[in-house]
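The chain below stands alone, shown as structure tokens; this is the form predicted on its own.
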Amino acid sequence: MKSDNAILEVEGKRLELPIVTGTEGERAIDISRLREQTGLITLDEGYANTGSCLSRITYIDGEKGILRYRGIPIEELAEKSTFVETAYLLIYGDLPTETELKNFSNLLTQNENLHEDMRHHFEGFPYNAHPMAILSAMINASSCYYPGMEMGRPTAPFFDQHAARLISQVRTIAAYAYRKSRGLPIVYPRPSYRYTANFLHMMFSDPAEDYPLIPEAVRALDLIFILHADHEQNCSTSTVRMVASSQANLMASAAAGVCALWGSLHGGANQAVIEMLQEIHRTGDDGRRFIEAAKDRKSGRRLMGFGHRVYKNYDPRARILKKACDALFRVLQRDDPLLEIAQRLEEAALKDAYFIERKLYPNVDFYSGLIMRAIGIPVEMFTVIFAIGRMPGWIANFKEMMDDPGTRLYRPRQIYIGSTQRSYVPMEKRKGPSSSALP
């Protein structure tokens, strides 16, 4: 990392601001002393032009369609790695040795069961409670049951245990929440199963009969977890870092991340893809009419699963999931009209000048929803799957902050545009309802 200087002139005063250059050539003007030197702040609504941290975890080049975890291309991890190994890489910085991976896997197995008292919490939720609400609440509640979850910077043995517990138990909580919504009895994790297979076992097995694990289905879901494991400073990851900056514990920070991910503009995009395909199918369209309508802003139609705020090229994760989706459907030998519509939409959009000019390529949400639908995961669980996959990235960002002794409490500024100073008016002298008055 090297530094040059940028020149800023403010009210006749000339300032030199350092230009920070990252290892991949990304450049930023360091304004951390701007307010101290000038009394001014910057205004950047939504932080689209603001770097909130220095990080060694994930690199994205949206123009070139590049995604790397700790320097390793996502394509290599998708082909050669597993979700558990990828989680270790993100959290600890390097691929594990055989012994390290075995120890980490054992930690996951040892911590896959919830504390028995936590089972009673599930009984307090209504049957129609959204699984993301349950997931956030139960992650937060779990900190009550284990020692070492006090505020402040966690020591290494405690952190390793709690990180493994969170990664392992998030799938247990998710499976329990699903079965609660269906009025089904809880299925305990099976220590002999690997991470993703165990999740499907807890989701779909009956007490009398185990769920038949199809290798292509297990691999496709493991890929979804890998491809969602981290994605730089997105809304939920930034939320985790914001909460962690107060030295809140790991569980509280992760629970906040779940709440941020819940929003339809963040984690709910793959659900929107399925809902779009269902609507197209219901109207008897094969996708052609919808494509034309999507090009008309007045139609109110929007092509979901295409384009990305970061990627201005083909989302590299979408290429990987497309292959996994095709392989899964070949094995299942199941004709899905939604898949046929999706393939037609993709083909049309990749050839249509309107979408090419706007760089609206398929993103990861386009195929992840189809895969989860084929496996039997209901739409309301889609964002939960996203949260399970993203957990290692949240933990890695939490650890990166806690390992940095210079981490400060996050405290963004604002530009106030409300009323200037005015006096309190007694009730009897107030005239007429204001525009903001409640009915």
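Here the rigid core means the biggest group of C-alpha atoms that line up within 1.5 Å when the two forms are laid on top of each other. From a predicted model like this one, the values you see are computed outputs, not experimental measurements. Counting begins at 1, following the sequence as shown.
This protein has a second form, the form predicted in complex with a small molecule, left out of what is shown; the following refers to that one.
None of 248-256, 192-200, 266-274, 168-176 except one has non-hydrogen atoms within 4.5 angstroms of the small molecule in the predicted bound form; the exception is 266-274. Residue-level contacts in the predicted bound form: of 262, 104, 83, 355, one residue has a heavy atom within 4.5 Å of the small molecule, and it is 355. The contact residue chosen from 134, 164, 294, 243 relative to the small molecule in the predicted bound form is 294, the criterion being a non-hydrogen atom within 4.5 angstroms. Contact check for residue 365: a non-hydrogen atom falls within 4.5 Å of the small molecule in the predicted bound form. In the predicted bound form, at least one heavy atom of residue 305 sits within 4.5 Å of a heavy atom of the small molecule. Shown alone here, residue 394 lies farther than 4.5 Å from the small molecule in the predicted bound form, counting heavy atoms only. The small molecule in the predicted bound form comes within 4.5 Å of a heavy atom belonging to residue 360. Relative to the superposed core, residue 183 undergoes a C-alpha shift smaller than 2 Å between the shown form and the other one.
Residue 360: CA moves 2 Å or more between the shown form and the other one after rigid-core fitting. A movement of the C-alpha atom of residue 102 falling short of 2 angstroms is seen between the shown form and the other one when the two forms are aligned on their rigid core.
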